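In the form predicted on its own, a lone chain appears below as C-alpha cells.
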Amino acid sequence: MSAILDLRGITKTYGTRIKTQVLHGIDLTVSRGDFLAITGQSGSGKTTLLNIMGLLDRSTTGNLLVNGTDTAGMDDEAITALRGRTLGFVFQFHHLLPALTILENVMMPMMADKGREMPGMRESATELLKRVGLGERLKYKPDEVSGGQRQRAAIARALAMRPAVILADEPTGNLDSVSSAEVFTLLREINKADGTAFCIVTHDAAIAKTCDRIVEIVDGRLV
C-alpha cells in the first residue's frame, strides 16, 4: 500500500548553545489501514516523534513525506492546510472547548477549514456523534458528560475532516479501565470500517499488544 506518512532519517535537536538531540535517524512508514503502537519510556522521544508526524513541529534534519509530497519546503500556511485535511488528533486530555456544545466542538475543524459554518456541517457532525454513541448528547457542554464521553467527542472531532491518519497520544491514559477499553474498541472499529490509519502512543502494554504493529523508541531510536 502507498505510504500516507513516510519518515526518512528524521532527527530532532533542541537548543542552540547547549544542544540536546532527542531523535536519531528515524525511518518509519504509515500506510492506509495501519494500526500502529508507539511505545517507550518517558523521555524516549515518543511525543516529539508524534508532533513531527503530525506537522505540529519540524524535524532538524530528514524528510517527512505526506501522501508522497515532501513537506520540507512548505511554508506554515501550507503546512496548516495539509495538517487539517490529512491528519486527525486525539490527546490524553480531550481539549474540548468548554463554552461550546459537544456538537459545536465537533464542527470546529470543518469551520476552521472553510472559515465559517457551511450547509451540511451540522448534519455531518451529528452523524459522527451518533457513530461514537453520543447522539443523545449533542447539546450538552463538555463538563456535563463523563470523561469517556468527552474522549468519544474528541474522536468524533478528529474524524470531522475524514483524515487518512489519526495520531493519538495516550488517548486512554486519563480514563478508568472500562472507559479505556470502550474508547480503544471504538478506535479499532473505525480503523477496520474506514481504513483510517492510527498511530497510538501508549504506555499500556496490553493496548500495544492488540495493535497490528508495535515500534519501540529507546533514547530517540527505533528498536
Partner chain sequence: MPFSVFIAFKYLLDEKRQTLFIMSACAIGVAVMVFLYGLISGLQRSLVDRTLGSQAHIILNANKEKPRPLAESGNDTAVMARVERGFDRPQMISDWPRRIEAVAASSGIVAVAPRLTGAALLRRGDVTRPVGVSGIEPDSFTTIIPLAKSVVAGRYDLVGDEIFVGKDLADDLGVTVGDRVALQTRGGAVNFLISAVFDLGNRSVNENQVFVSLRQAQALLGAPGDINQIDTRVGEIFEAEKIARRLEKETGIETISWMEQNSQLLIALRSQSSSSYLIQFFVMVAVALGIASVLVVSVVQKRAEIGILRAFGTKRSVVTRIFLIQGAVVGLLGSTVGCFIGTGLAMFFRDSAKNPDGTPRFPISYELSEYVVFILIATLVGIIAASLPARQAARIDPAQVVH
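As the structure is a prediction and not an experimental result, all values here were calculated from the model. Positions refer to the first chain, counted from 1.
What follows is about the form predicted in complex with its partner chain, which we do not show.
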Task: in the predicted bound form, segment of 24-32, 66-74, 52-60, 183-191 with a heavy atom within 4.5 Å of its partner chain - done: 52-60
- [ ] Could you confirm whether Phe89 comes within 4.5 Å of its partner chain in the predicted bound form, counting heavy atoms only?
- [x] yes
Open item on the list: Is it the case that Lys139, even though its partner is missing from this view, gets within 4.5 Å of its partner chain in the predicted bound form, heavy atoms only?
Closed with: no
Open item on the list: Is Ser146 near its partner chain? Define near as a heavy atom within 4.5 Å, in the predicted bound form.
Closed with: no
Open item on the list: How about Ala158 - does it come within 4.5 Å of its partner chain in the predicted bound form, if we only consider non-hydrogen atoms?
Closed with: yes
Open item on the list: Suppose contact means any heavy atom within 4.5 Å; which members of 96-117 contact its partner chain in the predicted bound form?
Closed with: Leu97, Pro98, Ala99, Leu100, Glu104, Met108, Pro109, Met111, Ala112, Gly115, Arg116, Glu117
